[in-house]
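Form predicted alone, single chain, as structure tokens, below.
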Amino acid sequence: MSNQRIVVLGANGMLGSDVMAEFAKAGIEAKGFDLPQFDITDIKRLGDIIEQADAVINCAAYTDVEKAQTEAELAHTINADAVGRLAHFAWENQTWVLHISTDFVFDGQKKTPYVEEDVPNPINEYGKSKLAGEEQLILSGCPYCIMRVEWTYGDNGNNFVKKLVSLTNERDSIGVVDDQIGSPTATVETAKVIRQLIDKKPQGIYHYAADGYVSRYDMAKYIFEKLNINTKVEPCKSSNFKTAAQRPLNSRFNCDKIKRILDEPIPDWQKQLDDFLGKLK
């Protein structure tokens, strides 16, 4: 473990910063790269970095789901083309890549939780770009692990929890969709799982999310209750919101596959969220 040369791309982002912190806590040395000093689309620099690594964790991504509808080319450049080049360099050097992907590769129409073998069918440009990145990684022949995550939140970056709490300063009531179901997942917990995977270096696709499922509406009610916020939460449907990008209604993951290789059980979404809200207070 200590002899591994580990690289984290997107090291300043919501997940990447927690991965770096988790490694530091565990006494694992890792080099982090991110904007503005490092751009994943810089081919020469990317090649140089991969050449010096035994393991690469790719958290770098274009993540603005709404803007991706009008900036599809940019989203694909970062989420697909750059991942393809990363994969090529990894194949040349036989460097193991842990690539972070998303529930948005699915259309959300399935009635049960998604397993890794389910056929992707993204319904927005962000999802399409992320799926294209997965496909390029798989086709490259490099040693890889794709870790799909969902509904993530953390200290560093924009997320549903922070946006919701900030809206309470402006409004007496907030409409929240009750037809989108998933698992709110803390990036600190995701980072702990990534630390374990670095040692095991599994191959293939894995789904990871907090244990249990909840709607966005019930999640909002839970947050306000825990934080003693009096703002009223009104249930509504996704179709009531005029958004550029369509969202999958079912984001539930079946995480049995990753559970089999983890050292301990995955904490449920309430436990993960309680820990985060405790810090927000």
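One-based numbering along the sequence shown. In this text the structure is predicted, and so the values were computed from the model without any measurement.
There is another form of the same protein, the form predicted in complex with a small molecule; it is not shown, and what comes next is about it.
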Quiz prompt | Non-hydrogen atom contact Leu137 with the small molecule in the predicted bound form at 4.5 angstroms | solution = no
Exercise. Determine whether any heavy atom of Trp151 comes within 4.5 Å of a heavy atom of the small molecule in the predicted bound form, and answer yes or no.
Key: yes
Practice problem: Although the small molecule is absent from this view, report whether Ala244 comes within 4.5 Å of it in the predicted bound form, heavy atoms only. | Solution: no
Quiz item: Is Ala209 close to the small molecule in the predicted bound form, meaning a heavy atom pair under 4.5 Å apart or at it?
Solution: no
Quiz prompt | Region of this chain that lies against the small molecule in the predicted bound form, out of 31 to 39, 244 to 252, 49 to 57, 227 to 235 [heavy atom, 4.5 Å] | solution = 31 to 39
Quiz item: Among the candidate residues Leu98, Ile78, Val177, Ala191, which is the single one with a non-hydrogen atom no more than 4.5 Å from the small molecule in the predicted bound form?
Solution: Ile78
